[in-house]
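This document opens with one chain alone, in structure tokens, the form predicted on its own.
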Amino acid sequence: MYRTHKCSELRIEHVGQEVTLSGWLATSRDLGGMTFIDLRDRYGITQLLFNMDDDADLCGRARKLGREFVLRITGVVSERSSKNPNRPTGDIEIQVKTLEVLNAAKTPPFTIEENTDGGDDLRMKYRYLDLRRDKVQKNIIFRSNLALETRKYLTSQDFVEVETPFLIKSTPEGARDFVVPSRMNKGQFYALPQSPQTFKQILMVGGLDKYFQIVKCFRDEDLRADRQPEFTQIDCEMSFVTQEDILNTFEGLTKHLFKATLGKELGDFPRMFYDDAMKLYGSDKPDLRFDMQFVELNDVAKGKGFGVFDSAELVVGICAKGQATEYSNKDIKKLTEWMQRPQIGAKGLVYVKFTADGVKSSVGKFYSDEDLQAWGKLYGAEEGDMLLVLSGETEKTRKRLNELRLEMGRRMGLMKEGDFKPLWVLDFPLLEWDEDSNRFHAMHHPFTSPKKNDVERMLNGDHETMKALRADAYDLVINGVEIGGGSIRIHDRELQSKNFDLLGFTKEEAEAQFGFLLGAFEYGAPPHGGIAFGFDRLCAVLNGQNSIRDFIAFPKNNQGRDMMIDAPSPIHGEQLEELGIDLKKEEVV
């Protein structure tokens, strides 16, 4: 028997019992006549006591043990004289009688503690050691529980879990595919799925009605903290549903997950149209943990002789409550320099402070106090508040002001830990016009349906009409992070063919890429729609973290490399020959 108890279980009521524990040596303290060892397993830590007076040989052996040795001990539970209130097992310790080294260990390259001294790449190279840290284990266990609760809820709503293929056909829309050469069909390639989109629609044609899958997806795109080349989605589709049905179902799922994993009750989710989100927050995923909505100043700021504003397409700003006395001219200069970084690209920043001594502004020579007070009235500004104003092209200016709003929210401490503000964003544009490629791109994906009132305009409208089409699409946003997105799908062949035309597909290309789906629509496709949640991202948001890596057992780094197994890596020449690939020619043979 390796253990009678886990390292988290023993309490004061177990005093006097003989027990067996197994685990890793976390820390060791030699106090001369006594040696203390903290023994760690997945569940917790128990202190072991080796007493020179009781067994000098055993105590001597304990002193020679190194960090991360794998041990099995037997001993008697005793009450600690110096208790540790910060540890569940802090009232007891084990007076060790027998000690067995199950495996010795080299000294780890970093400390296996909550605040480790290991950098990201080092910890990823030795991920098997990093996984021993309590923080990482809790994240992985949380992920497991979240998946379990997802399955519980969806199966209770009559969803069927269906696995879809990983070896599929490459499609030109969206991010770059990871491709897999076929040995049996030389010169041809599979692609790893960016999502199971067409398969779940086929399942609806097949009559399965409600589908879900917690599924791996793959995108060959540039990486950052909330992106990985392989990631996981809660992928869902439903038949005979409206947008309202889907929003209610997955609002219910989200509420269930918060309640089951965090014990938090969420109220009904507010809804906002895409156009309003862009106008009021400069983002289609606004963080509603704090207010600070945009207020446009074109009507009151133009025509006063300040050329920067007079020539701008948009003059818009935010009100930072109570910050007038917090920001000196030096602080404003630093904030302006922050906004002028290449990542944001603002040319300048105008401020207006409302103080006990009157109105102070960087554009005071162009505007009277009455003018500036009129600005403040639009914001509901009070004494002590500060306006921050940007100008320029509408789209770029809103995006820059969004960055400023978020930064001020951080600096002002308005993003409270444990505060969750969900939001549905609705009615996205169906298509985006790209000047470089001189064609439309799908805002979501090519299978998204226009709003019912826009169907006729899509089939028969002109180029400018197409730019105004609205999609029957929706995103779930929590604390400024897009958690999931979906849409009502096109289920009619004529309408789907028209959308492919608008996206620049020839009839032949559409048939080659998606003929199976278009053909399926001819056999009685039901109205259907769905959604996909970013599962890794949901884990991070629920735990108030920005990076998804610590919720993935074996993540890739920013270059898409697995540091532990050193992948990607070259493959043997014989394998390339079997696949019909000649790297010297840099082409498929």
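As the structure is a prediction and not an experimental result, all values here were calculated from the model. Position 1 is the first residue in the sequence shown; the rest follow in order.
Just so it is clear, the following notes concern the form predicted in complex with a further copy of the same chain, a form of the same protein that is not shown.
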Open item on the list: My question is simply whether P570 lines the interface with a further copy of the same chain in the model of the complex - judged by any non-hydrogen atom within 4.5 Å.
Closed with: yes
Open item on the list: With a cut-off of 4.5 Å between heavy atoms, is V241 one of the residues that contacts a further copy of the same chain in the model of the complex?
Closed with: yes
TODO: May I ask you to check whether K169 falls inside a 4.5 Å heavy atom distance of a further copy of the same chain in the model of the complex?
DONE: yes
TODO: May I ask you to state whether D57 is within 4.5 Å of a further copy of the same chain in the model of the complex, using heavy atom distances?
DONE: no
Task: Answer range among 82 to 90, 140 to 148, 362 to 370, 443 to 451 for contact with a further copy of the same chain, defined in the model of the complex as heavy atoms within 4.5 Å - done: 140 to 148
TODO: Identify which of L297, L404, L247, V205 has a heavy atom within 4.5 Å of a further copy of the same chain in the model of the complex; exactly one of them does.
DONE: V205
- [ ] Have a look at A468, V308, L122, A105 for me and say which one sits with a heavy atom within 4.5 Å of a further copy of the same chain in the model of the complex.
- [x] A105
- [ ] Kindly confirm or deny that K259, K334 and G358 each have some heavy atom within 4.5 angstroms of a further copy of the same chain in the model of the complex.
- [x] no
Open item on the list: If you apply a 4.5 angstroms heavy atom cut-off, which residues in 39 to 72 are near a further copy of the same chain in the model of the complex?
Closed with: R42, Y43, E68, V70
